[in-house]
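Okay, so here's just one chain, in structure tokens, the form predicted on its own.
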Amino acid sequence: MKKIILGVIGAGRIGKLHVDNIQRYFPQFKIKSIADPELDEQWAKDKDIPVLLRDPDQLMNDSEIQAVIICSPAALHVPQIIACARNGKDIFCEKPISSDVEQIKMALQEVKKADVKLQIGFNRRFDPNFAKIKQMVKNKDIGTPHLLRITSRDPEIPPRSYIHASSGMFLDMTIHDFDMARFLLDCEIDEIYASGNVLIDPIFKTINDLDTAIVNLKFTNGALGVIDNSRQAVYGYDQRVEVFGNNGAVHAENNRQTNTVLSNQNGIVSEKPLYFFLERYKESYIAEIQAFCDSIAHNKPIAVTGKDGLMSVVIGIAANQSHRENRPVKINHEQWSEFA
């Protein structure tokens, strides 16, 4: 198979992770160029990347590059998606596309016009535990789904610099859970009711944000869901899912360093959940790039579409409105039908 020539925009934590995974697991990809205004050139040279750039425009204008991995700050995603599309390049873009729905629509229209592929980086869909739940629900192993519960709690609050640059809990953290809800039940969210508070650190009050939240969901097929979020679970990265149906239930517990359990007269003790998201979702980051590679190489449908990226933001905005107005908010799906 002829190698697919890649460019990578953004060499922060996630950009470096994708580069490492591509070079280790995907010989069918060749990274020609990486662009970042604050590029760690020594790291890039150690990775033997031929072309090192500070200006992403140079990368996007390179006719040899067939596909681009976008890992830049979210505010740059839309213009970079548009530039890639206009240059005929397939695109993998980290979430979110934008926090502005009109900007997302503009980007998706350009992608459609250029007839290029766009995959959004909702890596949790590719976690083996959650992917198995999805398959079991699809196979009707639990009958018709009635209830969905997602628990997503970070082990500690993020750095102050990240908090101030964040789009807020619902568009920055819970956005993954909104995507998981749609993915697991293969159904749209019809109504959302979000409540939250600041119970961990008063810094969140100063920026009009939350650190603790409960979100109730109603799906278009009648099923109900609940998401609970916290920015500080002192015991580790708490990531659990359950789907309950009329013929049974399926759930996924936390990943731990080992499954060893000590039982004695003092009690039963197991290891704490993995602490860092890069450890917890290591396999899923590899699998999402595999899906992108397969889509390009074999002209397969994209696994996580621009529409998926759009709807997660639409739901996040509705959650903000619900919390602000203290009421359920309906989601109008007709206005997004053109992106189906």
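Everything numeric in this text was worked out from a predicted model, so none of it was measured. In case it trips you up, residue 1 is the first one in the sequence shown, and so on.
The same protein also has a form predicted together with another copy of the chain, omitted here; what follows describes it.
Peer 1: Looking in the predicted bound form, any heavy atom of E110 within 4.5 Å of another copy of the chain?
Peer 2: Close contact is absent here: in the predicted bound form, E110 is far from another copy of the chain, nothing within 4.5 Å, heavy atoms only.
Peer 1: Verify the contact flag for P273: yes if a non-hydrogen atom of it lies within 4.5 Å of a non-hydrogen atom of another copy of the chain in the predicted bound form, no if not.
Peer 2: Because a heavy atom of P273 falls inside 4.5 Å of another copy of the chain in the predicted bound form, the answer is yes.
Peer 1: Looking at the partner-bound form in the predicted bound form, is R327 within 4.5 Å of another copy of the chain by any heavy atom?
Peer 2: Yes, R327 sits close enough to another copy of the chain in the predicted bound form that at least one of its heavy atoms falls within 4.5 Å.
Peer 1: Examine K138 and determine whether its closest non-hydrogen atom to another copy of the chain in the predicted bound form is within 4.5 angstroms.
Peer 2: No, K138 is distant from the partner.
Peer 1: Please identify, from 174-182, 159-167, 114-122, 206-214, the stretch that has a heavy atom within 4.5 Å of another copy of the chain in the predicted bound form.
Peer 2: Within 4.5 Å of the partner lies stretch 206-214.
Peer 1: Within 4.5 Å of another copy of the chain in the predicted bound form: all of E188, K300 and T305, by heavy atom?
Peer 2: Verified in the predicted bound form; spot residues all out of contact, no.
Peer 1: Of the options G222, P202, G88, P73, which one has a non-hydrogen atom that comes within 4.5 Å of another copy of the chain in the predicted bound form?
Peer 2: Of the listed residues, the single hit is G222.
Peer 1: Residue by residue through 183-203, tell me which have a non-hydrogen atom within 4.5 angstroms of another copy of the chain in the predicted bound form.
Peer 2: Residues within 4.5 Å: E191, Y193, S195, G196, N197, L199, I200.
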